[in-house]
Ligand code: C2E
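Just the one chain here, laid out as structure tokens, in the form predicted on its own.
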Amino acid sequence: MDSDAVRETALRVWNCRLCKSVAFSVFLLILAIESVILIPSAYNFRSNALQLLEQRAITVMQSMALSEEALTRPRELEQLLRKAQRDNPILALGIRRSDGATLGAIGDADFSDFAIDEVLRGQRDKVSRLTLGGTCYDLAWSVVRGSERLVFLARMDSSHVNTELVAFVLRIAGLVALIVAVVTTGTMVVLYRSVLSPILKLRRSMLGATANPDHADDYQVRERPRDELGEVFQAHDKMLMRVAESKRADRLRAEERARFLSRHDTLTGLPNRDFFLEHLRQTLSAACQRGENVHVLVLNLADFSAINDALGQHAGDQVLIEVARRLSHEINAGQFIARLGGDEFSIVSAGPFSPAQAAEHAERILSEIDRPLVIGGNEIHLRGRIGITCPDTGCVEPETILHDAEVVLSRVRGDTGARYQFFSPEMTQAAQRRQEIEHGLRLALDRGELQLFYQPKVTLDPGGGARPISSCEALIRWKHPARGWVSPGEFIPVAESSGQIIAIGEWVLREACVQIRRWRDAGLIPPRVAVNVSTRQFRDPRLPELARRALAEAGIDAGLLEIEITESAAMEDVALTATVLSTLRRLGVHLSIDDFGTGYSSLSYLRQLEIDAIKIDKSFVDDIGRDSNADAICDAIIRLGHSLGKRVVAEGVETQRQLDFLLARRCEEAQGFLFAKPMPASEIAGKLGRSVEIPAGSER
């Protein structure tokens, strides 16, 4: 192994937290063991050193020729003791008898505190002690000479014992440190190669597989040790393979689920609009090649929003699910059904189908849809509408054929008597014209293209007197910059269906109030102005506040404003109508019911509404004198209005016969071409009287 490889291995070992932890644990364990061994070794070393001192002292004393005469001669005994001390680490010597009497002593040593009684009495052969901080070692032992017991005392220099002990401990500690280092290093190397390195490989494999589970099998451990770890690695690799396979299977299922959701409706499970167009494109391509035709049915539910409003969205969802189930039950092989969005579904069929067969299919579907269903204890009756397109050839674009079917469906929506209808090219032209009108209306307000014309209402005098203007009806007109005057009958329905009628209605209300102010500022007596409010605007909770603000901004009396609502709008929700009318009544504005007789009003409801007048619909007035039924209806409406204390207004009066009929029945007011056509505000001004100014300070 070269130096770079050794350095790299050493670096990996050094950076390995597990290696450090294991090595440190081994180091502490060996150090603890050696420390335990060192303590008794040091003790034995010191004990052996002191025993050597003892043996030397005893040997020296035994070598002295102590005779009986010497023991009785102090001078001779002292010389012998000094001779024994010479060349020996003995600092002091002494001899005592068993009774404690000192026979001889040399050296500066005090043995008075040395507990040698047991030796004197013969209970122990010898005693020893370390004194003077361990620098001296005292020894007392007994010897029997003849019939007498002698006790020898020796103080020896033991300072070298501590020095030798320290040196011994240092030698042993160094040896221990070397052993610990060698053993620890060897342990780390062996442990790293046989245990830690495989574990680290396993760790890297697991971390890599965790970070990239979709390709977990790329992190298998290829090199496996031939021991228990090899079995662990084998199981680990198998687990990674299973994880990768599971992840890939999950991803495939997720992708398949995503593809399904992108092409299907989540509520009903039917194909969605994109999938339908894709299938329709393939169907049209195949039909074009075979010379077959394709017919497309687009179905929606009448008044589906009312189900959501009345029963909640959950009930509406259940209705859509049931409709999808019923439609799926009605399709045959070769037909394709999809939910286009909301309550709109579509079915495409290819083959030699005739329009008659398409009509039969539509009728079967409508019959299936018409069957009542029960949701949450509520019986729901559905009513479907279908638009059908059957091009002569399949060589058309799918967007075009679907658009044609939706165009004819919109026509069915406007025709309450039709359940299904076939597409004609004229419908596309009408739809394009409608789009142009809708787009133009969005700009008309900002460009000032909308204007108000005013048609007078006159007071009818049965005596044949003058017919003064009682009020005016504000009628909106649109002067298109390119097309000129656009009929209200053409753009008002578009404004209502697109929701633009709300903004237009607000403008009409403010503009009518401002015009009243202009007439008054011009010194004229302004008439009461009636403003038609659409059904959508009447349902807008802001309507009363909008009327109050328009009156306040114009600075006019509320009695000069009259708000007209259609009979059908009033009867749609009588409770709401009564609330809104009551709020408007508190403002002081006049209220009237327009198009009376065309709806389904109930007398019990009508008398609850706070209104000032009812207007006989023009369709009845037109037939006065030509249709006895129309005469009877007009007569009944006038009598009803009088009985309820309401003012009756006839609209659309164009002939003298109609006027005579109304005068004979004492109808209060009338409007129509017989009296005046709708005209700009400037022309109305010429028909208004002037106000009389009273000079300041004059009496009234």
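Treat the numbers as computed from the prediction; the structure is a model and nothing was measured. In this text, residue numbers run from 1 along the sequence as written.
We do not show the form predicted in complex with this ligand, though everything after this point is about it.
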property: Listed range touching this ligand, judged in the predicted complex by heavy atoms within 4.5 Å, from 501 to 509, 348 to 356, 308 to 316, 334 to 342; result: 501 to 509
property: Single option in L270, L93, I365, V533 placed near this ligand in the predicted complex, where near means a heavy atom within 4.5 Å; result: V533
property: Heavy atom within 4.5 Å of this ligand in the predicted complex - the one residue of R539, H480, R477, H264 that qualifies; result: R477
property: Any non-hydrogen atom of E562 within 4.5 angstroms of this ligand in the predicted complex; result: no
property: Exercise: C634 in contact with this ligand in the predicted complex, heavy atom 4.5 Å; result: no
property: 4.5 Å heavy atom contact, P488 to this ligand in the predicted complex; result: yes
property: I492: touches this ligand in the predicted complex, heavy atom cutoff 4.5 angstroms; result: yes
property: Residues of 608 to 640 having any heavy atom within 4.5 Å of this ligand in the predicted complex, listed in sequence order; result: K618
